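First, one chain by itself: the form predicted alone, in structure tokens.
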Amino acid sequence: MAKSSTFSTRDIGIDLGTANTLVYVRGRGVILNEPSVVAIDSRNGKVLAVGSEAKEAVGRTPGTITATRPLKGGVITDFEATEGMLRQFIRMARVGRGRAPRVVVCVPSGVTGVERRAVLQTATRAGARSVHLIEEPMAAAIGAGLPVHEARGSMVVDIGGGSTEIAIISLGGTVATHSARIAGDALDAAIASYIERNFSMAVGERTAEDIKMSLGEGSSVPVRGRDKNTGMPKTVELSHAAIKEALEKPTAAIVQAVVTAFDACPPELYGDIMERGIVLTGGGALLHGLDERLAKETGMPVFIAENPLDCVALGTGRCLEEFDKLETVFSSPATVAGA
């Protein structure tokens, strides 16, 4: 007789990312995709807004309101803000007034035991009845449709906002993992730094992200910012070649992280990866030309997942939908009891 599933239709999976948080509800799919941003009233610590509403306030708030991103490098740096954000997202995802949900949360493969406990405790305090953790590259591999339970090697590279997570997977477990705290945010910072250094102009993180996403769309892109010498508005044309130059250092670091992951790969799995290729997930997978560069540097075929931005959330969702089949992928410690 088959064992009954541990999860119910009220339970949710959370891709708690540095840049965006996605929420999956069992039986409904991904229902929320919001920026991981919180607006807080500094006078009383009250959370005023989360997600898109809070992101719109970044750089535009009065002195009494702070808009912050409470995660950095894929881990929590502001526990109270993260708890407030999760509480709001869980409340938005819940239907009715039934029992508090069980929650599956993704964490980077390189987090420490202290950081794991912080995620468990924060999610529990935010309203979860119990919390399970799954490492991001495993969730990404499941969401990308890789056969993680087969006795053959699969390789996934998940490039998020704060970290690049690399895993070689076989028989439902990670054979080798590598986590580099350099990803989308580092790419944005490199663009902003390049513009400041070469044009004496300051641009915000949203402008830098827009420039990154425009790579490959034309020969140049107009960039508006503040002249650091005069303090007045300024516009410059940033060429395709200049954007590539600005991104060279962090891009090279991501490539090197992937190459380093092969150092721990058993020789028996090289052939499997050569046959199946490296699968890219996360927002960074969409960086123009990155797949071609990785293929050149590693000598392996490289493919972008069908839905790279949602792979981690979709993988988390599959763990909810098929808990009995996939429960071995949860990381340890597995759960913390909630209220």
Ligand code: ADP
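Numbering starts at 1 and runs along the sequence shown. A quick note: this is a predicted structure, and the numbers were derived from the prediction, not measured.
The form predicted together with this ligand exists for this protein as well; it is not shown, and the discussion that follows is about that form.
Would you point out which of 83-91, 225-233, 117-125, 179-187 contains residues with a non-hydrogen atom within 4.5 Å of this ligand in the model of the complex?
-> After filtering at 4.5 Å, what remains is 179-187.
Are all three of G162, L286 and L309 close to this ligand in the model of the complex, meaning a heavy atom of each within 4.5 Å?
-> Answer is yes for this spot.
May I ask you to choose, among M213, A202, A100, V259, the residue with a heavy atom within 4.5 Å of this ligand in the model of the complex?
-> Filtering the options by heavy-atom distance leaves M213.
Might G317 be said to contact this ligand in the model of the complex, defining contact as any heavy atom within 4.5 Å?
-> G317: no, not in contact with this ligand in the model of the complex.
Is there a heavy atom of V25 lying 4.5 Å or less from a heavy atom of this ligand in the model of the complex?
-> Judged by the heavy-atom cut-off of 4.5 Å, V25 is well away from this ligand in the model of the complex.
Partner contacts for 18-49, taking this ligand in the model of the complex and a 4.5 Å heavy atom cut-off | The stretch touches the partner through T18, A19, N20.
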